[in-house]
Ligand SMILES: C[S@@+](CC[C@H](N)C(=O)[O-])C[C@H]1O[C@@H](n2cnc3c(N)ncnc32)[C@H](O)[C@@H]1O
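Okay, here we've got a single chain as structure tokens, the form predicted on its own, with questions on binding and movement later.
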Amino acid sequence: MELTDTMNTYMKYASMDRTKFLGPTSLEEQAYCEWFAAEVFSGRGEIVELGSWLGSLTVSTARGLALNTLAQPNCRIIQTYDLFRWNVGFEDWVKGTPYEQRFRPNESFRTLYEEIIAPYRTGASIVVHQEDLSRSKWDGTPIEFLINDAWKTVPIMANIIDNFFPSLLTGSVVFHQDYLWVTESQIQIAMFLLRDYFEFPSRIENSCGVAFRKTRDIDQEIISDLAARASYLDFSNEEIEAAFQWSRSLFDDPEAQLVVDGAKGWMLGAIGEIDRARSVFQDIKGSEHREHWFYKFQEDILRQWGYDYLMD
């Protein structure tokens, strides 16, 4: 099945009689993972999920694998990775659920993850890795579908590109769950630098998620270059300018373009270019689309996190 020909069919999984799984992933993102696992995944490589948290995409993918008729049963495997250390911010997502106040900061919540995914192991083999993704290694097994919700830092990004990306099959898909999230804008820079090796099939509706399809082998020189990045300061001004201009060109939706602009402003602030960052956010203020919920929510979060000085 050609991915670019069937991209919008994942929405039928969102319209099914189903409950959104707990976590900061949208119903559409969950439907996309279920659709891919059910209708596109062939078993040529493995499914790898980076940053599984409470398993909303794990169980969606497992549900899809249970419906899959393309892959042999012994190929229906999901390799999931997470540090499984509780963060005080996680409480916002479990408020009002039985999981509220179950863990203290920095406690392992792997037992809860295992509890949540347990009913879905009948249709897929789920192999759980409790690891620091800035140091994780991959054994070289081909990868057909990579779900990424882990590139919260540059070292994690660099290590995943170094250790996992060489195993991506031609035709494989990398689903960046936070591509359009302003404070993870290193994802946009990395994909710009990898743009000659991927095509852009789709933005997932009502989400920050974007899927890229690998089109050819990645040169080792590019892998090594990205693997050597250790902080935001390792991105040059020229790369930042070119990356966000390219990323903006991928989207027709003005609210997505505004988030790209915001991501650029945030990155400029992260490398100490405060005046240039403020200039970007001043330009955003003049946009007629600034009040769109998709951009406005992210700006509000930036303010909550103390980045007012970039926007005022």
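Not measured: the values here are computed from a predicted model. For every residue, the number given is its place in the sequence shown, counted from 1.
There is another form of the same protein, the form predicted together with the named molecule; it is not shown, and what comes next is about it.
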{"property": "Stretch in contact in the model of the complex with the named molecule, which is absent here, among 239-247, 55-63, 259-267, 36-44 (heavy atoms within 4.5 Å)", "result": "55-63"}
{"property": "Contact of Tyr120 with the named molecule in the model of the complex (heavy atom, 4.5 Å)", "result": "no"}
{"property": "In the model of the complex, Ile116 touching the named molecule (heavy atom, 4.5 Å)", "result": "no"}
{"property": "Non-hydrogen atom contact Val128 with the named molecule in the model of the complex at 4.5 angstroms", "result": "no"}
{"property": "Partner contact for Glu144 in the model of the complex: the named molecule, 4.5 angstroms, heavy atom", "result": "no"}
{"property": "Sole residue of Ile204, Leu226, Leu133, Val173 within 4.5 Å of the named molecule in the model of the complex, by heavy atom", "result": "Leu133"}
{"property": "The unique member of Phe235, Phe109, Tyr99, Phe212 whose heavy atoms fall within 4.5 Å of the named molecule in the model of the complex", "result": "Phe109"}
{"property": "Those residues of 147-165 which, in the model of the complex, come within 4.5 Å of the named molecule by heavy atom", "result": "Asp149, Ala150, Lys152, Ile156"}
